[in-house]
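Only one chain is given next, in structure tokens, and it is the form predicted on its own.
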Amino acid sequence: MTETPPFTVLADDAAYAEAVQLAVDSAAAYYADGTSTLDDDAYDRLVRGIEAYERAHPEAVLPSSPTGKVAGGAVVGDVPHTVPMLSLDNVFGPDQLADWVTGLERRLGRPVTAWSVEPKLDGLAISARYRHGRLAQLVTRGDGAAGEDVSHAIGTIVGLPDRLAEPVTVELRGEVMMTATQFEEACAKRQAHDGTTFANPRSAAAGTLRAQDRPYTCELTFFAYGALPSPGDDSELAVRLRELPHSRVMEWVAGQGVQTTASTAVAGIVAETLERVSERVAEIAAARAGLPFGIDGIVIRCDSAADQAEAGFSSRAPRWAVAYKLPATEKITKLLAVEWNTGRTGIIAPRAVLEPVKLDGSVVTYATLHNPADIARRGLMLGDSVTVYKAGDVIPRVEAPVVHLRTGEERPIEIPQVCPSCGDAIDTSQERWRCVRGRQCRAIASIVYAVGRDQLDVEGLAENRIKQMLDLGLIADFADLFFLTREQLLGLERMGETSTDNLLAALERAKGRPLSRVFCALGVRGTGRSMSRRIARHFGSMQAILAADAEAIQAVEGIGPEKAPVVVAELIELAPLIDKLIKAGVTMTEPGWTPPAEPGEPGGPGEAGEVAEPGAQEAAGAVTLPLAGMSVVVTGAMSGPLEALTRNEVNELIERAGGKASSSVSARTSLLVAGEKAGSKRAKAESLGVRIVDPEEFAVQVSAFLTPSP
């Protein structure tokens, strides 16, 4: 049985009429300036509910119903389209896709020749009209028959050149949108101008495309999805565009210097079978989270021009194409409260408390807010309707308030005047506020983190035991643990001789952990496990790290000009703690590192003024390492020789073998190690052509480095 997607249930004619009006109003706002009282998922559910009610009660159908109409029948324009710009019908799962394909092939009386599979970009459809190779006019889709002239936006849209490579007359159709970077820049400009921000990239793009009197300019991006000759044009090019498969037309468009998705991780493909279509749908869906622009589905169409002509059109959509809709990654909900928490380094971080909302398969109640300055930039207020999205498809984040839904009952967010943890003063000199006591404010959290498995790995040291030591004044930081005596430990409640000896032995083992783990245990802001390994490998010793200035720190891959000074300042603050660790005999070098030779010795600095760069020795030997220069991602459950390793230990193995451990698949990924239940990362790697190996094959490749670090 075909799976029926959820929809809004309408009880009677009154509920139906109300739903129709809401859908029309929402569509009008959506297509006019990108605002709406409903998010995409809620709108789709509402329209499906209207369709269901109309099927059951055909006598009650209202003329204003959005069903069967382009843009829900809510938009008009004054520039006629040469060929109607129609909407696409939707399917919401593999069963519905299979049913649609079956219906189309039944209409054709034969199998479809080939399928084109492309991402459905989350933007605004426009027509770009070129005359003799020069961009002459831009027109929105409008109601499909006519649209609005937005030619004033020419020159502000990346991917839409003023001139084509050839002096031809042609109409290109595509989507105008904002990338993530463009959206952030647009929000910053709007915030500086009037103190408000855009709700989401689509509304920002819609408003920007139509704006003519703003004192600031926001950049947009264009991706083409089709090309049309002028009606009546019988030139050689016009004939080719009418007869070529869609995929070949798009190759020609890209050759004219116009942007298409061909250069992205979700490039269009031609598929011969429904099975391959379904595989590509899964690949594009998996790549969605890592894209710098929004997509809300996948477009599947007949690639052959002959198939398209034979299939024809309905009143609002081509019969030869369909949109496979993906689950919403953005929803509108209420901001109920803001909680303020102090982290282990003393950073005071706000967290949004939301009216529960189902987002991409999970119920979201809390979401990330960066800092007070970010709250101010976004103009958030308690009681606001806010857009919430999944950052990287994992962490829910509040994007912006939906300003046009405000009722006047919203209240300012109360910003703390003292540390919410200890009540001491707050250092507000940087965007990320911090308790003036720093790590001492949450000493227990810092120590628990430092002795954790992926840092110093001190077995048998639970949080309640650490709290007991802090309360008795035996320790103030994790370095003090290494100076504890047997007598002090025996004096603790429920601490016998065996547990005391075990803890002392665990602390002794912890002294031998490599520099990368010791550095990670410090909890330097702006670094984590992966970055700690890079820093340790780059410099080799704690002495070299402490001697480095911001410019030297910035030489470490992944540390930019903003983060480097923070790392330097953190190390200055942590100097007393590091001194105690050195006195305790904790390892301060990375395995395989040797001190630089003295001047004049073999391998030492050469002529006067020459100094060996930190990490130069590693770099010189890196060519012999099996993963040299490779970016490696690990996903799924490990097996074989890797089964007993934690994910952090596998990442350490990668870096000992010369590679760079990464958490996300991208075009720069060299290798994916995929265990059982690899999921979306495997699909994305396949879509990008990244080499994939199983854990056993990878273990053979790095067998010489499999002995875990202490």
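In this text, residue numbers run from 1 along the sequence as written. Not measured: the values here are computed from a predicted model.
Unshown form predicted together with a small molecule; subsequent notes refer to it.
J.: Can you tell me whether D143 touches the small molecule? I mean in the predicted bound form, with a 4.5 angstroms heavy atom cut-off.
T.: Judged by the heavy-atom cut-off of 4.5 Å, D143 is well away from the small molecule in the predicted bound form.
J.: Is T113 close enough to the small molecule in the predicted bound form to count, meaning some heavy atom within 4.5 Å?
T.: Output for T113 is no: heavy atoms all beyond 4.5 Å of the small molecule.
J.: Consider Y225 of the chain shown here, and say whether it contacts the small molecule in the predicted bound form, taking contact as heavy atoms within 4.5 Å.
T.: Taking the distances in the predicted bound form, the answer for Y225 is yes, it comes within 4.5 Å of the small molecule.
J.: Going by a heavy atom distance of 4.5 Å, is S87 a contact of the small molecule in the predicted bound form?
T.: Contact check for S87: yes, within 4.5 Å of the small molecule in the predicted bound form.
J.: Could you tell me which one of A125, M542, C441, L581 places a heavy atom within 4.5 Å of the small molecule in the predicted bound form?
T.: Result of the distance check: A125.
J.: Just to confirm, with a 4.5 Å cut-off on non-hydrogen atoms, which of V299, A271, A287, V168 contacts the small molecule in the predicted bound form?
T.: Exactly one listed residue reaches within 4.5 Å, namely V299.
J.: Could you tell me which stretch in 326 to 334, 569 to 577, 117 to 125, 445 to 453 has residues with non-hydrogen atoms within 4.5 Å of the small molecule in the predicted bound form?
T.: Within 4.5 Å of the partner lies stretch 117 to 125.
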